[in-house]
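Presented as structure tokens, the chain that follows is alone, the form predicted on its own.
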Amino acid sequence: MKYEEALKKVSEYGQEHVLEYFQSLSENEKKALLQQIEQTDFSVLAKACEGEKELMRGVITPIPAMKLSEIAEKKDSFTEYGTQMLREGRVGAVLLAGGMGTRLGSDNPKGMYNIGLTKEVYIFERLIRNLLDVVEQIGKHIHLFVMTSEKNHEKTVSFLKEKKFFGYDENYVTFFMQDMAPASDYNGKVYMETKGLMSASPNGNGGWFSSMKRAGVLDIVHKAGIEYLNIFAVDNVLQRIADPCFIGATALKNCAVGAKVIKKAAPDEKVGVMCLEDGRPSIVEYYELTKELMEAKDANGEPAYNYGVILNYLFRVKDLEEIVSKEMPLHIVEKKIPYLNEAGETVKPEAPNGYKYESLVLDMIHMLDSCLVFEVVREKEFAPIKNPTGVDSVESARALLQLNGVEL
């Protein structure tokens, strides 16, 4: 993008100030800023005037889940069909790895965090090892798409190459960067992080497929004949990826999406729960769960909203391509955003001073007409790492890995 084109684009959205210091930048800085402007969707800033209001929810009702007992009865047929799909190359895996290890006290990408006790064991290593379990089972590599972000792309790529992808065939690994969304003040004016860089953050976990499309990665998906994509988060080191039983069940039930879930440990556990919203599949986040919903019972006297999502979903590609062109709900989140003041000095605010804008995967699910809610054993598939110690931490994940026979 040339300067004149950039100026025209930012002027359309009243963001001319992002080019205020352009002439004082180095050639590399100029190039980087022009590229950032080209890749930025400024239209989201119009939502700033709406503020951090809650999106209106529809009527919430329970959704049936395929429980462990039913899965056990049909495990062989599900696994056989899922294995066939994997061997035919009809399933790909997408690792959502755009985050940093900041909450763990690390300046590196989260996947680079070492959770070992007597040896080095990295989060990325455990995830790839879990995927390799299936590769060894079916005798064929599965295409792995790794979504990075502007903040961690180079480190992630160089780290995995240095580690030789922990034994995974690099011919089956494709990296792509998540789209970034600008951060703004309360009036929708983009903050500048430096004189040559707008403040921005990844556009939410609901932006993964549109980011794949923008990066041209769907060409690989189509060429390879991939019909389903299993997306999974970087922080759950125990999850099963490209699970043949899960894949077979979702496909045989002809569902647009499958969602792995766990039975909640407590009514107020901090996990989103599967539900129906106005008759369509959806997720109620833990902070939206009212006392009434937490205490609701189904026909069998069991908690009606008892299955928490673990951010491991199987989407059908043809359905994703239908919804990607539609406008997704935009979630506006109030945050503390470092910025450059009028004197050109960096300010780190002590209180929230603006908005970040993101889309969420739960909205993608709600745009689809069917979802298989697939229960898994939490002790075998749920070890999230969000904190250094305590609940959902490095400590708790280590204990669960050791319980499952993983040497650390």
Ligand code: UTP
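Each residue number is its position in the shown sequence, starting from 1. Keep in mind it's a predicted model, so treat the numbers as computed, not measured.
There is another form of the same protein, the form predicted together with this ligand; it is not shown, and what comes next is about it.
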{"property": "Sole residue of Pro281, Pro244, Gly188, Gly101 within 4.5 Å of this ligand in the predicted bound form, by heavy atom", "result": "Gly101"}
{"property": "Partner-contacting position among Gly248, Gly308, Pro202, Gly196 - heavy atom within 4.5 Å of this ligand in the predicted bound form", "result": "Pro202"}
{"property": "Partner-proximal stretch of 295-303, 228-236, 84-92, 158-166 relative to this ligand in the predicted bound form, 4.5 angstroms, heavy atom", "result": "228-236"}
{"property": "Any non-hydrogen atom of Arg240 within 4.5 angstroms of this ligand in the predicted bound form", "result": "no"}
{"property": "Interface membership of Leu314, this ligand in the predicted bound form, 4.5 Å heavy atom rule", "result": "no"}
{"property": "4.5 Å heavy atom contact, Gln178 and this ligand in the predicted bound form", "result": "yes"}
{"property": "4.5 Å heavy atom contact, Lys110 and this ligand in the predicted bound form", "result": "yes"}
{"property": "Ala97, Met147 and Lys386 each touching this ligand in the predicted bound form (heavy atom, 4.5 Å)", "result": "yes"}
{"property": "Shift in CA distance, Gly101 and Thr118, in the predicted bound form relative to the form shown here, given it is 3 Å or more", "result": "farther"}
{"property": "Shift in CA distance, Met100 and Asn203, in the predicted bound form relative to the form shown here, given it is 3 Å or more", "result": "closer"}
